[in-house]
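One chain comes next, on its own, written out as structure tokens in the form predicted alone.
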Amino acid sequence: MSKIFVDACLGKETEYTPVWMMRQAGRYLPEYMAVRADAGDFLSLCHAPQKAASVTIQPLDIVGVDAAILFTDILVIPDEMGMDLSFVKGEGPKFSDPLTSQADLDRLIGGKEASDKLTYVYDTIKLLRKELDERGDEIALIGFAGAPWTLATYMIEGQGTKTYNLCKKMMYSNPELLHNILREVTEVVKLYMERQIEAGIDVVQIFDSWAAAIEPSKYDEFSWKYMVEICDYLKSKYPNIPIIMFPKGVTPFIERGGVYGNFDVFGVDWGTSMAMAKDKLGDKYVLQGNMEPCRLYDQKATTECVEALHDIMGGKRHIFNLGHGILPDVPVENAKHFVSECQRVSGKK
């Protein structure tokens, strides 16, 4: 029996439109907060396969989504490349040693050596694969990685940023160094994604959360082409594993016809018109998304959007999701309402 989420990703007809949510395993769930408290801190939770597997499973049982997404963090890659990562309460992730030169890059671990250090992620996947298979409910397991550009922004800025001035300064004044960083990260992501698939992942998603920081005319050069390179590598080895691309904030790139590549699903962010995305991309790619996450604060607003998305997509070549991640203070009942409304409009019996 095939998994409905995998079939939907591959553009096959399904009896209803599947639904999941970015960040569905997270702080809005009291059950997640209990496990995280027991782990001690966020990074410790990522490094504990049994606990990470348990929070991956929680949204299946509590909210009723059609796919599980591996619980980990995009920044485990630069962490295992040799950068010093910490999560500061109220401030988010920080690297104490951001990259400023080729010498900084040269001191990092790359390629297979870095990907081999991520054993706790692969162990989490193996536990999940065993549990999901034992449950027999044909739930797909999604793996993921950050896009090279998004990872590089943290590695260069040293933390989250609103201006991206350090990495954009490098983009214009020392593009060779930025490309060297991006190439190094791309190689690790390729091998990391490959190891995730070998451990039991059904679908992979590449998040380019900070895509909007790049001007549209430069987006292909400094981000998209590296994401496409990862897709080509994975598809050459695992042609039947669906790939989801999710670049946030690239409406002009879509409108200009910039999207290309050997992948299956394009994640549409909430700031992009789903009708426009369907017009530009819907014949070539399955579309995922794109409800504004803040609609989850109100059940009526949620229902309005779900119905509108269903009207646009007609129940075909679509996966319901938010246009970015669920926020920590969303009531659990409202998340359940979103899932049940997606299932109602698409005819799940």
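From 1 onward, residues are counted along the sequence shown. Note that this is a predicted model, so its numbers are computed, not measured.
There is another form of this protein, the form predicted together with coproporphyrinogen I, and it is not shown here; the text below is about that form.
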property: Heavy atom within 4.5 Å of coproporphyrinogen I in the predicted bound form - the one residue of T272, Q196, S223, S209 that qualifies; result: S209
property: Candidate from H310, R317, R27, K51 lying within 4.5 Å of coproporphyrinogen I in the predicted bound form - any heavy atom; result: R27
property: Option from 262-270, 173-181, 237-245, 201-209 whose residues, in the predicted bound form, bring a heavy atom within 4.5 Å of coproporphyrinogen I; result: 201-209
property: Any non-hydrogen atom of Y122 within 4.5 angstroms of coproporphyrinogen I in the predicted bound form; result: no
property: Coproporphyrinogen I contact in the predicted bound form: L75, any heavy atom under 4.5 Å; result: yes
property: Partner proximity in the predicted bound form: P252 to coproporphyrinogen I, non-hydrogen atom cutoff 4.5 Å; result: no
property: is_contact(F144, coproporphyrinogen I) in the predicted bound form, heavy atom dist at most 4.5 Å; result: yes
property: Triple contact flag F87, P93 and Y154 to coproporphyrinogen I in the predicted bound form, non-hydrogen atom at 4.5 angstroms; result: yes
property: Sequence-ordered residues of 22-49 touching coproporphyrinogen I in the predicted bound form, heavy atom within 4.5 Å; result: M22, R23, Q24, A25, G26, R27, Y32, R36, F42
